[in-house]
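Each of the two blocks below gives one form of the same protein chain as structure tokens; they are labelled structure 1 and structure 2.
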Structure 1
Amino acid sequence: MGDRRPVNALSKALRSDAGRGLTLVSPALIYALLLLAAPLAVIVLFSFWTQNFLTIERVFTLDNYRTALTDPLYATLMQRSISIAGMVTAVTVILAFPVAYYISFYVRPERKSLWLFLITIPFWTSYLIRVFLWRVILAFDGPVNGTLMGFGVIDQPLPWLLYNATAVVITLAHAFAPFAILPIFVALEKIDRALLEASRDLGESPAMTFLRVTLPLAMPGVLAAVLIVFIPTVGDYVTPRLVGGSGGTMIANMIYAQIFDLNDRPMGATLAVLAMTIVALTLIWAISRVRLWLWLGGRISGRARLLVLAAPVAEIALIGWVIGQGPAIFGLIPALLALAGAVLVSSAAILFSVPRGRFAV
């Protein structure tokens, strides 16, 4: 008889809580690996190849990355994508919070389901149709300009409502509003109302109760809304294509053009990899720095707090200097790799050493 100890150990491990949990999630994990990780690996592999007309040359090279990182057009599109996604996230979350707050605190429990149902009604219509509707609404001869001219507010139609970054922000903010309302609402629903009553019993005003109790406890939902809105809007393609015009073109439009219009799949894959990397580094840097600044702000008082406010400005200026001057001094690839490594190492050190603050960041 063979040694059955490995079999018995495996059987014991599968009967444990961790083993049962792993068995439960393994189908979804395998599904995600096959449909997400495998295509992503193919995209990364494509980015190191080149294309000669209809033939893909499977020779490892960094030429695509050198071109993508040195061409000012790609840098402009990536910067515009990050800024538009940031504006969309800010507008969406700021407008979504009062809606979620009203539903959670002022709507009767038996009617909350109805309100959430009404919020999801836009999903009944195709996303493409909703974008087309905003294209009609913001048009030169659309209802917005017509209404303003009818009331005498303006003498001629506003030309900046459509085919620019403003139109992209408006359309995306409407499209992603439910994605921001729902996680904030869930976080607000989890707040123990007894904490709010205790705050008021101790003499706090409604405004200070909101700032010191409600907002910190709702911050996990706000952060979830920020991530849910920011990440997909960076790579949105349909909205900039239909309402953005030349001033609202984003990096996803260039990726599409490289793959389908210019027949350069490796360059399109390179831009996609760079976009994912930049978005990931941006989010990691932002989350870690916000945690650090909030932690320092809670322990420093007086004029020393000005240093906390000056720190992000100084670091952003330093990053901008490295991006602008680093390639000329150290070389393109070494400068960018050093910057990415510094962001990752410093962010990891902050996230592992600095505890979460009262805002749950």
Structure 2
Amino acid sequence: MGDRRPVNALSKALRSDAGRGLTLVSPALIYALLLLAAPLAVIVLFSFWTQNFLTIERVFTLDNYRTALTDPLYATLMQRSISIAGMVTAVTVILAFPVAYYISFYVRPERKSLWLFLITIPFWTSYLIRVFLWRVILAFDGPVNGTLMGFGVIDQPLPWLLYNATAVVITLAHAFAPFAILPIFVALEKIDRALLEASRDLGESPAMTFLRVTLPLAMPGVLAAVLIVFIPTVGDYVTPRLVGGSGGTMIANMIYAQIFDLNDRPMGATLAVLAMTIVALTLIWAISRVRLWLWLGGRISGRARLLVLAAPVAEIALIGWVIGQGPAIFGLIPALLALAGAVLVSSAAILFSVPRGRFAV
């Protein structure tokens, strides 16, 4: 169409395949640039400014970062957020795997979507209400204590059920369950069943077939599940606020308090930027180290394997030492920047040089 019309370079470019694709994707892209990328850039900028009573001092400074990194309160909250998110991720993924496996391998094809639908329904209902219900369930006079007392297991209600980090882990693990099942299910569905038959025909036991064929092929799904659960849980606000008490407060609560209660937006921005950076570094570190570990494990045998096992322990100890002692020796910002740089460079080196391997991590 329109062949006879004089075409200039632009309209020609717009009618090419790439041009059409870019034109179509541009509304959503521009929207995301304006409402996501630009605001994120602004909070990074804010993190280098300071709040001076009602006005914002627009002078570049690292003061916020210095405060955020030295005040033990922020360090505790950050550490707790990471470890709670880590526990939630471990619990959800480990519990989700058998369910995803059952649906993919044992449920008849025409019933699969019903199972998936049942699993996703709770996810689409109000998050706030689900979290609040856990507060009711774990409460002093709630059903858990009531049932245990009814059966005579305990004489008086357990006071430690609610308002602590454990309650936060239970609630978040429940809330994020479907997130973990779906990616693992998708990965399991993609596995060619002929591979499993081949493994059995060649004499592998069912357990070894699972370990050496199914599990490695499902790893991309497991990894996706880890990312989808870990990142949002680190920044969760509602759950720690409703069931966490003072012992279960997380970094998002502090970010909120800085912005709304203390009216210190730059500090809130700093904490948000730090949280995102630490999450990104932790994930990239963990993924690269797991890949390296699996790769070395497959190559080295005998006593040397112990070395492979010891390496991550040594590295964690080294990182701990740098975080603990580094600031005193090299200064706070240089030490932590150097650590972040080292983690980034070494991880990138591993990710580029070590092949994905059997486990496709």
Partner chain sequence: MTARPLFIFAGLYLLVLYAPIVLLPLFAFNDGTVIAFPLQGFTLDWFAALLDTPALHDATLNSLIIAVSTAVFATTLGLFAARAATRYRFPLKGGIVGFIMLPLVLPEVIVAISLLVVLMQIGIDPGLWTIILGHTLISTPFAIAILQGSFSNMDNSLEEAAIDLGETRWGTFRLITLPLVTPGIVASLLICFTISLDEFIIAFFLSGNAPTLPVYLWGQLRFPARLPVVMALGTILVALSVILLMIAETYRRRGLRRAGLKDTGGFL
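Sequence positions of structure 1, starting at 1, serve as the residue numbers. Only a predicted model underlies this, so the values are computations on that prediction, with no experimental measurement involved. Whichever C-alpha set is largest while still superposing within 1.5 Å between the two forms counts as the rigid core.
Here the chain coming from the form predicted in complex with the partner chain is structure 2, while structure 1 comes from the other form. Annotation for G21: C-alpha shift of 2 angstroms or more between structure 1 and structure 2, rigid core superposed.
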